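Before any questions on how it binds or moves, here is one chain, the form predicted alone, in structure tokens.
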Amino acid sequence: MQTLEKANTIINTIKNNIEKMGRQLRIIEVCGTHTVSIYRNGFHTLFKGYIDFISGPGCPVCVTHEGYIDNLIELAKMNYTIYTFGDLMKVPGKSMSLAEAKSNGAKIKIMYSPVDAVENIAEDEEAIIAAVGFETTVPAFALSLEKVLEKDLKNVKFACELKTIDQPLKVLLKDHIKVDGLILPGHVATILGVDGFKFVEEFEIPSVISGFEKYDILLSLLSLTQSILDNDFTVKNEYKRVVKKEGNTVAKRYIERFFERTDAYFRGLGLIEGGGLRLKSEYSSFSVQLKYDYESFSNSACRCADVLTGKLKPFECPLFEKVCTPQTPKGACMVSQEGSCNAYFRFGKWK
């Protein structure tokens, strides 16, 4: 009962803060896991009329170009074994998904971690590890490359489609969307720390690093609405049990040891300078060169790009629910468990 009373007090304070401003707030949650938590717990219904929650480009599967999928399928046709996270399996390519390619005989295996994949690759197997993700998962790929070097493996390469979070956020805030506040990704912040998000202050937009439980979200909204009310642009940290000011220094050293910045394509944002990570030149022999047309998309009716940049809600896409479902996804935002469209569909919040 005491916990419920405390939650109600926080909710009422959030609403009171917004009422003092006399308008509905536009708040973007950058991370897909936050999107899921917000809709699973009914916060966008609870704060209807108070907060317009907008999904951002923090779902790694969602921002990945379909050409990357096509590259992996072509490599599988060349007798490589592709190791990938399960999230990527149903993302549509131009002609098929990895799951469909696997059913057609392509050698595609789901990995639970790239380190485990390296341990399980056979000596006579030519393997390619699909390296997808933001800074949260990059250290795992660094560790797996370290393992490859230790074991002196010559039959393992990496297909890098790794992303950084700072550059796309800068592009989004500068050119694509106007918001009152940001809920920053707790997972990435465990690696980068509070310092890794200080750049947000330059845009004079209040922000908060949040955890993922319902009380994490409530406390973060309380902090954020107070910052908006006070015109306080300092990045706040409401995930202190995990996120430190300097982040995970060991993980950051691993990233710096093996990877360097490169340009990267983000669905909805285009090609972003310094938005990705590639293997450093001294490790380039372990990297697969990928080539695809950034401007080419096979399904122009899919509005995933507009969802990721806050231009529309998932239910406003003409494909949503009609032909695009988690069972038959037409776009990456419906495939991933962290995707906005998937979250809307599963929790029925558009109805």
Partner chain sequence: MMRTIRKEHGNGGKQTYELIDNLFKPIFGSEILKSGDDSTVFSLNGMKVGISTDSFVVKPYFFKGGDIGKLSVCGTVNDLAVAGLEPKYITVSFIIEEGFSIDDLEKITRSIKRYADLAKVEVVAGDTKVVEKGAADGIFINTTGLGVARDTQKMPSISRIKGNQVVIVSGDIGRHGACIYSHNEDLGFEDRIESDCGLLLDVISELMQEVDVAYMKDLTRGGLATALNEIVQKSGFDIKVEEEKIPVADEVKALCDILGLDSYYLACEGRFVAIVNGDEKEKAIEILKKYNRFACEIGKVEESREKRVYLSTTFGGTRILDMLYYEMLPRIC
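Since the model is a prediction, treat every value here as computed from it, not as a measurement. In this text, the rigid core denotes the largest set of C-alpha atoms whose superposition between the two forms falls within 1.5 Å. Residue numbers count along the first chain shown, from 1.
One more form of this protein, predicted together with the partner chain, exists but is not displayed; see below.
Enquirer: Could you tell me which one of 264, 192, 182, 132 places a heavy atom within 4.5 Å of the partner chain in the model of the complex?
Expert: None of the other options qualify; the answer is 132.
Enquirer: State the residue from 51, 61, 69, 324 whose non-hydrogen atoms include one within 4.5 Å of the partner chain in the model of the complex.
Expert: Of the candidates 51, 61, 69, 324, 61 is the one lying within 4.5 Å of the partner chain in the model of the complex.
Enquirer: I'd like to know if residue 33 sits close to the partner chain in the model of the complex, meaning any non-hydrogen atom pair within 4.5 angstroms.
Expert: Flag for residue 33 set to yes.
Enquirer: Whether residue 40 contacts the partner chain in the model of the complex should be assessed with a 4.5 Å heavy atom distance threshold; does it?
Expert: Yes, residue 40 is a contact residue.
Enquirer: Evaluate residue 342 for contact with the partner chain in the model of the complex, applying a 4.5 angstroms cut-off between non-hydrogen atoms, and reply yes or no.
Expert: Looking in the model of the complex, residue contacts with the partner chain include residue 342, since a heavy atom lies within 4.5 Å.
Enquirer: State yes or no: in the model of the complex, is some non-hydrogen atom of residue 107 no more than 4.5 angstroms from a non-hydrogen atom of the partner chain?
Expert: The answer is no: residue 107 has no heavy atom within 4.5 Å of the partner chain.
Enquirer: What stretch, of 147-155, 241-249, 266-274, 132-140, brings heavy atoms to within 4.5 Å of the partner chain in the model of the complex?
Expert: Of the options given, it is 132-140.
Enquirer: Would you give me the residues of 301-316 that have any heavy atom within 4.5 Å of the partner chain in the model of the complex, in order from first to last?
Expert: Going through 301-316 in order - heavy atoms within 4.5 Å of the partner chain in the model of the complex - there are no hits.
Enquirer: Establish whether a shift of 2 Å or more occurs at the C-alpha of residue 27 between the shown form and the other one, with the two forms superposed on the rigid core.
Expert: No.
Enquirer: After a core superposition, would you say residue 14 shifts its C-alpha by at least 2 Å between the shown form and the other one?
Expert: Where the cores coincide, residue 14 shows only a C-alpha shift between the shown form and the other one that is less than 2 Å.
Enquirer: Comparing between the shown form and the other one on the rigid core, is the C-alpha shift at residue 325 2 Å or larger?
Expert: Shift at residue 325: 2 Å or more after core fit.
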